[in-house]
Ligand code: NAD
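Single chain ahead, written as structure tokens, the form predicted alone.
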Amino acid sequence: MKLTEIDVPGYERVVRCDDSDSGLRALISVHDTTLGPALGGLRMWPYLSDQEAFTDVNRLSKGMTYKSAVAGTGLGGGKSVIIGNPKTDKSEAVFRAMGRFVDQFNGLYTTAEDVGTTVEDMVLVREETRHVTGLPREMGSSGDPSPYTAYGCFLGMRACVEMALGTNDFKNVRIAVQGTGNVARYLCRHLHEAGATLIVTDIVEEKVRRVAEEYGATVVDPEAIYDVECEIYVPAALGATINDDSIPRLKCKIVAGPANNQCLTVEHGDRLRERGILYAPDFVINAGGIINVSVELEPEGYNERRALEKVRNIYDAVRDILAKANAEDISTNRAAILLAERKLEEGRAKK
């Protein structure tokens, strides 16, 4: 196993792993541990280049720092990625090698499942390191974090609907969902049960067809989702879908969803505000999963009731950010970043 340290300004530790025996090619990025050890998921994705993987893991890692800071998990931010196709490149050897890679951080970084990985994959990682969360309930862990991410997003979306639409009712609210992975499916169930009208898309036909059949959703082509007339656009796939190309096309009043790093740059949050579109900062609204797995690390161990109590705070967290942005006449994105940075500064002062 070859480990290569990469110096990245502003990050505590970034390491690349190349393991010829298993075929593992991976990166772990620890952004900031001011508030506690880093916790963040393990993503597996067929990146087009090593640079794309490097950019993604660092963006995700920083986002986790902000997410945990605002959510008050008492943890720092980190992330890991495996370069590979989750449909064809998974093996026991790959995930066990990933476990040994995680273990090299000696507890500075703890992992969990993310896009392209599962609870079962984490069980294999656990064979080589104790620094993993989101394991099966029968192992005393919290299981798949997706339902908690979705539930937190649903509550945060309700806060947005109340402010932007003047109602707390989703009945007949048109919601365009980009991506129908695990979190999105759970979120669509909440929205369907609340009476919303769903328009969905995904690059995987089987996934989108399943959601359409379960929740009576209308299916559109992936590129057409930006042009759908709706009240809420829900980024629920990969990041950076809020950018120079997509913002002029959006026909919504709210952007709110579970994807990480939805805005390509901070300025794109400003552009949404200029267009009169209310944006729920991703690292505030999608914190349910990390909140849930963070409870595993509490001294008394995992307790679902405690986890749900903390996830329900996302409603108030989103409301507070929206109010802060209005009061300071800035974008919600900038308001959330300022709050996260303030919490980090307070943590540094205590140290």
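Quantities reported herein were computed from a predicted structural model and do not represent experimental measurements. One-based numbering along the sequence shown.
What follows is about the form predicted together with nicotinamide-adenine-dinucleotide, which we do not show.
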Exercise for review: Name the stretch, out of 201-209, 246-254, 158-166, 98-106, where some heavy atom lies within 4.5 Å of nicotinamide-adenine-dinucleotide in the predicted complex.
Suggested key: 201-209
Revision key, fill the gap. nicotinamide-adenine-dinucleotide in the predicted complex has a heavy atom of only one listed residue within 4.5 Å, and of 175, 259, 125, 83 that residue is 259
Check your understanding: Which residue among 73, 146, 110, 142 has a heavy atom within 4.5 angstroms of nicotinamide-adenine-dinucleotide in the predicted complex?
Key -> 146
Exercise for review: Although nicotinamide-adenine-dinucleotide is absent from this view, report whether residue 114 comes within 4.5 Å of it in the predicted complex, heavy atoms only.
Suggested key: yes
Exercise for review: Consider residue 133 of the chain shown here, and say whether it contacts nicotinamide-adenine-dinucleotide in the predicted complex, taking contact as heavy atoms within 4.5 Å.
Suggested key: no
Check your understanding: Does residue 191 make contact with nicotinamide-adenine-dinucleotide in the predicted complex, using a 4.5 Å heavy atom cut-off?
Key -> no
Review point. Taking heavy atoms only, is residue 129 within 4.5 angstroms of nicotinamide-adenine-dinucleotide in the predicted complex?
Key: no
Review point. What are the residues of 50-68, in order along the chain, with a heavy atom within 4.5 Å of nicotinamide-adenine-dinucleotide in the predicted complex?
Key: 67
